[in-house]
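There is one chain below, alone, in structure tokens, taken in the form predicted alone.
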């Protein structure tokens, strides 16, 4: 009997308890490159078991590495006396009880499909392409393969396979340390367009080879790259949860089915999108289904998990906010840049922190390529800038949206390298507030 089957049996051994298990097999092939050379390559595997025990309204959580039945039973007996002395959570009702399964499809292991030789070949071509401009490449190329089993005392016994790819390639000028970035992510290497990836990076390198200038604080018309608007929506996602609603920290409180953004803004949570990293279940084990979040500017749905769904008596919907897709618009990027007399192109963001989560006010820096737009053309490199803005105001300021979207991967880059993705277009925003220059690239 394997451990998955034993976990089901252990649930039956403790009829007076509620047990929730996340049993995970994870492996990675992690390649880091530095100054256009391979710095190191790590292959790593991990088997872990995350467990939460509920005794009435009291609970205790722990994790085991390389778990066995014996280790688990010993740990359960060890913590039971501890639980007796813990406070109750008066709002806990029950674990997830929806046993419906997804197709739980098999997935090819991308560690094998995108092996070390393939990675090195791709990176060598990228390095060769930027070398004539006196740039070198830095970054990471990660492939994971993991199997997660979600098992609990309410009869859930589900499996999810994930095999994400994450390539982050930063080109750095050897003259003045100006940086530009290109990324790729997904689960199907067939969607990786090598020539387009290299061409996009080389175009950014050419733009980054010019004069570096400062700009004054103030309001600007800006073009936000897909990575930027994606990060703003991912930060705003914390306001989209039932938990934030319960904690009185949601910008969207009282705004359900209300128009809050321009009509051209539509955001869907789509975990089965063919170009994104896909998911079968949310963290509770409920089927993760496609769901509109914002539709033509109207706020349509909160992300409702098991705990807060029961507490707030809201319909649990299984959404997770890990696969946001923004509907493209009708303008080309060239047209959007061409419409700006004086403004900025912002490639990437860094070190963002909320000032007031409910008001969506946030501070942060630009990085990896900020450019001055003058008379409809990108002209000069701009030193990195500080901004203090409300994400809600940025979205309200969207006037144009690009007619195509790209997949942007994001990674925690620690632990088991949690990788997820979003699909976003460029957007044009009026009145973006720059607070100061860092006077550095």
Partner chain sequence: MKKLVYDIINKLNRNDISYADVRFTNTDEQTIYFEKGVLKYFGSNLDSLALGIRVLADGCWGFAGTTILTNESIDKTIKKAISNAKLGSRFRVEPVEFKKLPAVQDSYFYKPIEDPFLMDDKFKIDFHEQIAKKLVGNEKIVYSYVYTEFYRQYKIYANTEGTMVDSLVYDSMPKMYVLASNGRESMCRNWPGDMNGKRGGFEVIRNVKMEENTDKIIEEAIQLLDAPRIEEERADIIIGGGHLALQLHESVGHATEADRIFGKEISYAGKTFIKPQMLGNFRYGSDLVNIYSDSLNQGGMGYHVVDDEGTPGATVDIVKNGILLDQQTSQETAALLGVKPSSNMLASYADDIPLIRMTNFCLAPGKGSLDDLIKSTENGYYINFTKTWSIDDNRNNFQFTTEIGWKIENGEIKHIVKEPTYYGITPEFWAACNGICGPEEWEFHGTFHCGKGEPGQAMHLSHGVAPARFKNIVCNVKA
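Between two forms, the rigid core is defined as the largest C-alpha subset superposing within 1.5 Å. Numbering follows the first chain given and starts at 1. This is a predicted model, so every value here is computed, not measured.
Unshown form predicted in complex with the partner chain; subsequent notes refer to it.
With the partner chain left out of view, which of 191, 200, 238, 361 would have a heavy atom within 4.5 Å of it in the predicted complex?
Contact check passes for 361.
If the cut-off is 4.5 angstroms on heavy atoms, which of these, 296, 154, 140, 157, is the one near the partner chain in the predicted complex?
In short, 140.
Answer for residue 91 alone: is it within 4.5 Å of the partner chain in the predicted complex, judged on heavy atom distances?
Yes - in the predicted complex, heavy atoms of residue 91 and the partner chain come within 4.5 Å of each other.
Should residue 196 be classed as touching the partner chain in the predicted complex when contacts are defined as heavy atoms within 4.5 Å?
Result no; residue 196 lies far from the partner chain in the predicted complex.
Is residue 441 one of the residues lying within 4.5 Å of the partner chain in the predicted complex, judged by heavy atom distances?
Close contact exists here: in the predicted complex, residue 441 approaches the partner chain to within 4.5 Å, heavy atoms only.
Does any part of residue 350 reach within 4.5 Å of the partner chain in the predicted complex? Heavy atoms only, please.
So residue 350 counts as contacting the partner chain.
Taking the partner chain in the predicted complex, would 29, 117 and 365 all count as contacting it (heavy atom within 4.5 Å)?
All three within 4.5 Å in the predicted complex.
For the chain shown here without its partner, which stretch in 102 to 110, 247 to 255, 261 to 269, 337 to 345 has non-hydrogen atoms within 4.5 angstroms of the partner chain in the predicted complex?
It is 247 to 255 that comes within 4.5 Å of the partner.
Would you mind checking 31 to 51 for residues with a heavy atom within 4.5 Å of the partner chain in the predicted complex?
Heavy-atom contacts to the partner chain in the predicted complex: 32, 33, 34, 35, 36, 37, 38, 39, 40, 41, 42, 43, 44, 45, 46, 47.
Residue 84 C-alpha moves between the shown form and the other one by 2 Å or more, core aligned:
Yes; that C-alpha moves by at least 2 Å between the shown form and the other one.
Cα of residue 115 displaced 2 Å or more between the shown form and the other one, core superposed?
Comparing forms between the shown form and the other one, the residue 115 CA shifts at least 2 Å.
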